[in-house]
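So this first bit is one chain, no partners, the form predicted on its own, shown in structure tokens.
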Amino acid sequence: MGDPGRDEPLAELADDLRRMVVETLCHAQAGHPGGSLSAAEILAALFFSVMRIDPRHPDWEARDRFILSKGHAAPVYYAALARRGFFPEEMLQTYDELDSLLQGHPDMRCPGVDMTSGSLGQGLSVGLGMALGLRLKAIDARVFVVLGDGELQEGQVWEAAMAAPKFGLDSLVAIIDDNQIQLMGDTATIMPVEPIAEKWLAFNWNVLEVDGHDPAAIVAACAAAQAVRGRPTVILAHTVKGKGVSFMENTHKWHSALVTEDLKEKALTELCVREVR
């Protein structure tokens, strides 16, 4: 099997992932649209350009590891895995069904999933452990952890943030999907996490900031992180909640909401027009 999607421009791939997310959530009548759509370029960049992975051998020991700490964005994760060839795209229609490999939050039974996640705040700690384990085994692989900005309200994130530089884990890259909206409203109103960059700098991380909807910028930031020695990198990716679907953008109402058939068609129409442009 080849590498599906590898030759397709990353921006187009991101919109393909968005369409797959919308169709999956409409079929399931469950899930989280807003945070899935905001992370599309991040996942496209990682799975189709940055990470060293082999869909034919998902447990390859020398692979790069990926953790979706904001596990509620599983729909875009599954879309990326399917499009990359870890499992047939038709399997997306089983999302959130009883006994499916594609549960509402990532489950390690699914090919390509390196951590069962969903309880916010835990992913960075596990990523730290993975990076230490790879070092002990002398495996030259990287660990990428995607967190939500609202997730930064969890104390465990900052314990891991304190520990990773102490161990000099330059193979560890955290990417923050900074869409500034969480379940019940704006992060700035519920529990402010700003200034984010300054906080990570204070913990001695290498800090990079990018437009989270510019795949080339994300790829470049990951390359820059690889050149840094002796400390981990955090990439602050500025994004839009619900990106690509006008009625889902910049509102907490679409953090978790049902995608009806008529809204699916409206969303897909917008995404197809966006692709043509």
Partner chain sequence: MVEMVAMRDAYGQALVDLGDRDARVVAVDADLASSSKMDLFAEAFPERFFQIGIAEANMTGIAAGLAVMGFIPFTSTFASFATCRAADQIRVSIAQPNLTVVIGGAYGGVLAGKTGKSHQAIEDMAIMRAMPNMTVLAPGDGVEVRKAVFAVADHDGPVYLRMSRDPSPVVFDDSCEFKIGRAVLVREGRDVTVITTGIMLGRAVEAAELLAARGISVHLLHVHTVKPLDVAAVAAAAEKTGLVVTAEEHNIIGGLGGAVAEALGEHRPTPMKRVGVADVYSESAPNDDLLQKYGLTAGHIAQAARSLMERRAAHAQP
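Residue numbers count along the first chain shown, from 1. Predicted model, so just to flag it, every value in this text is computed and none were measured.
The discussion below concerns the form predicted in complex with the partner chain, not included here.
Contact between Glu159 and the partner chain in the model of the complex is found at the 4.5 Å heavy atom cutoff. Within 4.5 Å of any heavy atom of the partner chain in the model of the complex lies no heavy atom of Pro195.
At least one heavy atom of Leu136 is located within 4.5 Å of the partner chain in the model of the complex. Interface residue remark: Gln122 is counted as part of the site for the partner chain in the model of the complex, having a heavy atom within 4.5 Å. The contact with the partner chain in the model of the complex, taken as any heavy atom within 4.5 Å, belongs to Met108 out of Met184, Ala188, Met108, Ala202. Shown without its partner, this chain lists Leu102, Leu152, Ala82, Leu128 as candidates; in the model of the complex, only Leu128 has a non-hydrogen atom within 4.5 angstroms of the partner chain.
Note that among 160-168, 144-152, 202-210, 93-101, the stretch whose heavy atoms approach the partner chain to within 4.5 Å in the model of the complex is 160-168.
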